[in-house]
Structure formats: structure tokens, C-alpha cells
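Shown here is one chain on its own, the form predicted on its own, set out as C-alpha cells.
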Amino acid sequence: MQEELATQRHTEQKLQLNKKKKKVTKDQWIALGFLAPSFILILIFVYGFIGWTGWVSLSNWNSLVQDMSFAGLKNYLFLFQDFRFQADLRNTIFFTILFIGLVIVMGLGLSILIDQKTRGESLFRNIFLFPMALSFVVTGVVWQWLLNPSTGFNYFLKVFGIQPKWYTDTNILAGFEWGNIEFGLPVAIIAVVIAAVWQMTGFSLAMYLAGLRGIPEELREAARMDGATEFQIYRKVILPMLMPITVSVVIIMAHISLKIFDLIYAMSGSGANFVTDVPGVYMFETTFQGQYYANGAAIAIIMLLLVAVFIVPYLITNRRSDS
């Protein structure tokens, strides 16, 4: 009997202790008070508008007169059968692959060179980081001049008998029929990739350089003492340790490439035969110039889902590793 009373008393004390532990302190209330306004604003102006956009995409609102009658997936089915949207998906795929690949390779290569503690390191670092200070609109206008088929680089290239059409080229490399379009690498998108890589390589360089500087020198020395060559050290020691940075760069660059708008709108627009068109440009023209609001909302939702494919797994992985 006494043992049961002691057990019951112990359980009650434990419950009271847990209640005290769960009690929100004054500092926590103050912190919640400061966070609440931004939380409410994000809830309304981000997630609320995402929900509104999704609702519009399922409606018949494709004119100046608002019509929120339910249309089901009609707008989405229209887009996936549309020649222009199919071309946009093709361009986005090739732009994303080339953009991410070149940004990683160039950023990693340049960071390794700068990490060799060469003279003028800060000068080179600032030169490569400077393009990040510019907006994509400025970059687009500058590279439109540089890659103009009748001016820019072609003034020098014509000496060698080469005059590429850059972003005006309508050819598709290794193309084959797919749906309503010719699937392959649009030559014109290469010019846009060059401009985007020029601007964002500094970001990956900074990330990789910070990662390289964080690797202890003792690890490299130990590998050298074990007889590893410099190539083997980078391949088996340094690059695996830089893998988290590579994943972060891929996620951020994919996020930029899938929703890119300003660079292409300023540089080439949708292009002849939509060879440089992307969903962002299509959505802008459809919604704000054509007043096809439901179609534009459907494009926006598809872009959101494409970005979510990269972002959501990354966030889930980070949350698991933190816990």
C-alpha cells in the first residue's frame, strides 16, 4: 500500500514538473510577440496568395471580366498541349542543366586556383564577385549588346570568318520530334546561359572558397604522408568534404533557373520560334498583356511545383540532420 502511495506521489510530482517545463517563459512570449507580425504577413501575402493563385488556375477567368466558375484542370491540360509551353519546358530543362553545371565547374575551379594563395588574391576575388552586385536586368542589357549578331563580339569573330547568331539562332541541336515541338538543345539558349553563368559564378566561388578554407591543413598533410598525389587528395578528401556546399549551390541555382524571368526578358525576350522563352516570360505576357488570368495562374503553379521538387527534399533533409 505504501509503495503504491509513493509511486502515485512520484507520478504527480513528475506531472507537475513537466507542466513547469512546458510553461512559456516571459522571454519566449516577447520573442513570439516580435515574430507574430511577420508570421501573419507571410501567412497572408505568401501562402494566402499562393492559395488564391491555385484557385484562379482552376477557374474560367480568362478575360477582363472576373469569372471564378470551376473549370477543373482545363487550364493545365491546355498548357501541356500548347506549343509555346512545351518549348518553355524544353528551354528550361537545357538552361537549368547547363547553368548549374557550368556554375559549379567554374566556381569550384576558380576557388581552387584562388586557394593556392597566389598574389593578388583579393583582386581576383573581387573581380569574380562583382557581377553579383548587378541585377539580372543590367546583365541582360549588357550581354544583349555584347552578343548582338551585328555588333559586339562578332566584330572580332568575323576576322576569323565566324559570325554566330547568338540569341537569334533558331536551330535546335540533336533535335527530334516530341509532342508539338522539336526537342533538343536550342542554340539561342547558350547565349543566355553565358550571361547567367557570368553573373552567378561568383556566388559558387565564394561558397567553395569558404569551404576550402575550412578544411584543416593537417588532413592534406596526412594524405601526402600516406603517398597521395594532389589529384587524389582533391578527389578523395577535399571534394567529398565539399559535397554539402555542392548540394546547396545546386539547390540555389536550380531555384534561380526555374523561375528566371528578368535576364531573359531584358536580353532576348521569348525569341523567334520561342527558342529563348521560359515559363516566367510566358506567364507575364499571358497574365498582364493577354489578360488570360487563369492560364497565367496555372503557369505560376507549375513553376512553383518545379521549384518545390528541388527545395522540399532539401528542407526535409536539413530538418532531419538538425534534429
Partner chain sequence: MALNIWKPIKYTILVIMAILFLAPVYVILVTSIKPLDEVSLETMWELPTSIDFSSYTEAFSELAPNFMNSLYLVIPATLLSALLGAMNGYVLSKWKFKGSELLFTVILFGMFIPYQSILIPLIQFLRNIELYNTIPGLILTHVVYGLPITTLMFRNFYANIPDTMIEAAKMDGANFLGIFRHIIIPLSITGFVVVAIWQFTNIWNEFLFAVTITTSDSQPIMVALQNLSGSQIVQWNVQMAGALLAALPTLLVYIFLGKFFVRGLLAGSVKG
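Numbering follows the first chain given and starts at 1. Because the structure is a prediction, the values reported are computed rather than measured.
Missing here is the form predicted together with its partner chain; even so, the following discussion is about that form.
- Only one of F99, F85, F128, Y167 comes within 4.5 Å of its partner chain in the predicted complex through a heavy atom, and that residue is F128.
- Proximity to its partner chain in the predicted complex, defined as a heavy atom within 4.5 Å, singles out one entry of F94, F153, F183, Y76, which is F153.
- The partner is not drawn, yet in the predicted complex one stretch among 235 to 243, 212 to 220, 134 to 142, 168 to 176 has residues with heavy atoms inside 4.5 Å of its partner chain: 134 to 142.
- Using a 4.5 Å cutoff between non-hydrogen atoms, Q28 counts as a contact of its partner chain in the predicted complex.
- Using a 4.5 angstroms threshold between heavy atoms, F80 stays clear of its partner chain in the predicted complex.
- Heavy atoms of F70 never reach within 4.5 Å of its partner chain in the predicted complex, leaving it off the interface.
- When its partner chain is considered in the predicted complex, V193 lies well away from it, no heavy atom lying within 4.5 Å.
- Here the marked residues V65, V103 and F274 all miss its partner chain in the predicted complex; none has a heavy atom within 4.5 angstroms.
- Of the residues in 189 to 227, those that come within 4.5 Å of its partner chain in the predicted complex through at least one heavy atom are, in sequence order, W198, T201, F203, A206, M207, A210.
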